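What follows is one chain in structure tokens, specifically the form predicted on its own.
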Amino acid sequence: MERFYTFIFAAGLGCFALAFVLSLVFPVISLGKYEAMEFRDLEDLAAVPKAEFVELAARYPEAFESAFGTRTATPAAYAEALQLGRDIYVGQGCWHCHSQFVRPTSNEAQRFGPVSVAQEYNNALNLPHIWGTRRVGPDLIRTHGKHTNDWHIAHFMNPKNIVPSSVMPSYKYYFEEDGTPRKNGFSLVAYIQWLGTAYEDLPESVKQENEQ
């Protein structure tokens, strides 16, 4: 009987070890067809400020200088804005209502854009991931280029003015009464406008295979 229990114990350990090994092997197999993923740090992501951030600096030069110490959309200012914008997004619990993961089900690609791939999350602004599970509001991982800076500013100040059925709270305290962004406003708009660019920057071979 003692040998039987020893065998059961050993078999249990063996099954656990096998499951552990397979949990490492399967992801490697599933991602093996893709090109190598190189981690992109914040400095790399902000090396070339996106057009939307450049437009914010040009439109609100005095407020931009007050926020970032320069009137030019420099990589350093962009990196600061992106990190702060993400921190605000997390701190305000935006991920409770907005996911950042397009799933290969329910025609989600038709609503939100190409299905998410592992490579686009391999960067400093996606660690830890904010995939989310709820869709009170739309998925935001493909939001870059869908709306102008003005749209986002108006939406943050009073969501119901843009989407009457919205249950999103107002973030007007990130802006002056005339809509001029404060530092948190610049940063939040910059981060939202950045979402989706990680996918756009992927090699064409990866995107073509994903979108077939």
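The shown structure was predicted, so the numbers you read here are calculated from the model rather than taken from an experiment. Sequential numbering from 1, following the sequence displayed.
Just so it is clear, the following notes concern the form predicted in complex with ligand HEC, a form of the same protein that is not shown.
- Contact with ligand HEC in the predicted complex, defined as a heavy atom within 4.5 Å, is made by all three of 136, 166 and 188.
- With ligand HEC left out of view, the stretch that reaches within 4.5 Å of it through heavy atoms in the predicted complex is, among 115-123, 73-81, 136-144, 102-110, 136-144.
- Residue-level contacts in the predicted complex: of 183, 40, 152, 50, one residue has a heavy atom within 4.5 Å of ligand HEC, and it is 152.
- When contacts are judged by a 4.5 Å heavy atom cut-off, residue 175 does not count as touching ligand HEC in the predicted complex.
- By the criterion of a heavy atom within 4.5 Å, residue 130 is excluded from the residues contacting ligand HEC in the predicted complex.
- Ligand HEC is not drawn, but in the predicted complex it has a heavy atom within 4.5 Å of residue 156.
- Residue contact check for residue 171: one or more of its heavy atoms lie within 4.5 Å of ligand HEC in the predicted complex.
- Contacts to ligand HEC in the predicted complex (heavy atom within 4.5 Å) from stretch 47-77: none.
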